[in-house]
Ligand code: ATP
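The data below hold one chain only, encoded as structure tokens and taken in the form predicted on its own.
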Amino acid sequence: MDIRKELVCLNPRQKEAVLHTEGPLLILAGAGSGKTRVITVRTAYLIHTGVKAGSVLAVTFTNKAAKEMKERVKAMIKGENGSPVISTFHSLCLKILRREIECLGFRKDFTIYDTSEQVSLLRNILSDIRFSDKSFKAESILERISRTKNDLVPSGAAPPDKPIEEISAMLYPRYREALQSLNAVDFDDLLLFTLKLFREYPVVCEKYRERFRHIMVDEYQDTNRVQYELIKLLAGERRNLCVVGDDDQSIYGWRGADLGNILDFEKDFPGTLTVRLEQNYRSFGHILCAANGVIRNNTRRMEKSLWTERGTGPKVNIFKAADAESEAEWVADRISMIRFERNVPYEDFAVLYRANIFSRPFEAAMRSKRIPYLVVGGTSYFEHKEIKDLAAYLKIIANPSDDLSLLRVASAPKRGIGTSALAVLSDFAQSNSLGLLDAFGKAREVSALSQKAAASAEALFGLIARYRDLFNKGRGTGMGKLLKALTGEIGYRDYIVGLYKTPEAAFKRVENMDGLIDSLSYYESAEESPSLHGFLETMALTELMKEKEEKGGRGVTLISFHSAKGLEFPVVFIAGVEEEMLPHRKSADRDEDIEEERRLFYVGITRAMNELYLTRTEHRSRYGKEKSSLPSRFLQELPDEAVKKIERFENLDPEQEKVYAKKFFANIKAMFEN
């Protein structure tokens, strides 16, 4: 590996960050400043200087980022001295828990519950305690339990001040006990239990400290309290900790991210070297001027100012429409105009908005103009019934204690074990200190069950036991074929087809089912030591870290601010730059919430590479009523020299209009000729 070639390509600040290898390092990486390159070159440089590759740990937030980093580092070191550990927080903690969780009273074959399974479990608990107040939704309770875990608030630490908090505090211990009885954990537990291990078993913590002697954390501004404590414990007295992030892009406070982690890093780790990456390689100067002008109004931030050598480029355009439909129509027209004028592909355009609910008028406008588009966000592949059903079969095969999965498979497809029969079996299991699956195996001993229900329960027990043996004997070979055989044996294909009225809908479900089987087969071929547990872990973590959809090849991207973070587009439209939308009305009362909204706007601005358009309306329909709209306060913070207010096509001078018209008709003619 010739690391000198990589170092030559870095600017002075990037190079300074790479060469600092001992002690705490804070890299303040502004938007578009090449932070991924810095992290990967720094990793390769550590290995080049003699650090054992396996003792280098790089942690990030998404599977996509981890994969990209792995590929870049691999290309640089070319197998030299092994491979560093590059992982998401959850994947890292999962691997640690698979080795160490027995210390906490769980078996190593624990199941990871996703959100829908957590909600089902909470509903069961609410039913068991006969909680009749329907105003408290399981989803809301789960959200508060999750926040309690991630903020490291001990159960009962402070008296709740709201009814929803009171019921959540009451249910938290029951929820925790229920998960343990099922030998299951949720996604928050992956982090929380690893922290618990490190705190309560110093020998375990020391083992991982010795292994990971150099630690890097990407997107540090998005870490929560648990992640902060984990990293601090792993770094230990050695303090070879490098964190990379941008406080100006901290936009996940609503889900527990603690801005203080990055703002207080220098105080928490005395002797920190702070390197600011301010040269932007993405955007033109006017776009960066607008971004700097907005974000400098935040008080809780570390000073930095983006600059570029690309030139100033076009000014940021601001357009006011009459209403939401007119706004969307103008955006669609502008996209058509730019496309015909400059032959820009549709994939170069993005429309950003505050939340996914605002996509509707833009979808309608794109359809009316016959512009292909992609809405990022929507139903996850893993949320489809057929996927969750088959995943439940695999989970109960892998973990016999997973009662929630057993309850799902008992009626998918229906086999004569109704809710009353399940209640009888559940009571029998509790009375005899049995797992629910074991109760299924002894169903003929339960006098309250009908012969048909008992026979069906025992048959299901036998099916699961037989496939457990098959999966265990196969040790990861032929698992896709086993799942296909299972679906055939239970008649699942016919069952799923029968649920849908149209052939098209049924075909889509069958396609999804076949896709899961193919995914299992692909997993087998790609992994060195495949296992059913390994596949379920991959599946669970993929859903947790659900990646942003790729923009390439499928038209204009319609996307929310939060989903757009980390992406870039040549031409960006930011819609709804109005009070009550940006900043959101729920954030108007607290200064810290306004600052997060401003950071959200900053993230949106810095997605634009070449052109940026900001749109707003005079009137907007809210809750079925047409109301006047006020321009966002953030518009007043944009520097005058960076912006230009426009009407429909008034920013084109007469000569440009002639060029546009000529190209427009030439393209129309070409379309007819082809």
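Quick note: we count residues from 1 along the sequence shown, nothing fancier. Keep in mind that what you see is a predicted model, and the values were worked out from it rather than measured. The term rigid core refers to the maximal set of C-alpha atoms that superpose within 1.5 Å between the two forms.
Form predicted in complex with the named molecule: not shown, discussed below.
Visitor: Under a 4.5 angstroms heavy atom criterion, identify the one residue in K315, R282, R144, R408 near the named molecule in the model of the complex.
Guide: Spelling it out, the residue with a heavy atom inside the cut-off is R282.
Visitor: Quick one: from P530, G435, G566, P583, grab the residue that has a heavy atom within 4.5 Å of the named molecule in the model of the complex.
Guide: So the residue touching the named molecule in the model of the complex, by this definition, is G566.
Visitor: So in the model of the complex, are Q14, A31 and E219 all sitting within 4.5 Å of the named molecule, heavy atoms only?
Guide: Yes.
Visitor: Taking the named molecule as it sits in the model of the complex, is R37 in contact with it (heavy atom to heavy atom, 4.5 Å or less)?
Guide: Taking the distances in the model of the complex, the answer for R37 is yes, it comes within 4.5 Å of the named molecule.
Visitor: Whether L19 contacts the named molecule in the model of the complex should be assessed with a 4.5 Å heavy atom distance threshold; does it?
Guide: Contact with the named molecule, no.
Visitor: Going by a heavy atom distance of 4.5 Å, is R42 a contact of the named molecule in the model of the complex?
Guide: R42: no contact with the named molecule in the model of the complex.
Visitor: Report yes if any heavy atom of Q249 sits within 4.5 Å of a heavy atom of the named molecule in the model of the complex; otherwise report no.
Guide: The answer is yes: Q249 has a heavy atom within 4.5 Å of the named molecule.
Visitor: Heavy atoms within 4.5 Å of the named molecule in the model of the complex: which of the stretches 392-400, 274-282, 492-500, 162-170 has them?
Guide: It is 274-282 that comes within 4.5 Å of the partner.
Visitor: Classify L57 as shifted (yes) or not shifted (no) between the shown form and the other one, where shifted means its C-alpha moves by 2 Å or more with the rigid core superposed.
Guide: L57 C-alpha, core-superposed: shift of less than 2 Å.
Visitor: When the rigid core is used for the superposition, does I27 move between the shown form and the other one (threshold: C-alpha shift of 2 Å or more)?
Guide: No, the C-alpha position differs by under 2 Å between the shown form and the other one.
Visitor: Rigid core aligned, does the Cα position of A66 differ by 2 Å or more between the shown form and the other one?
Guide: No, because once the rigid core is superposed, the C-alpha of A66 moves less than 2 Å between the shown form and the other one.
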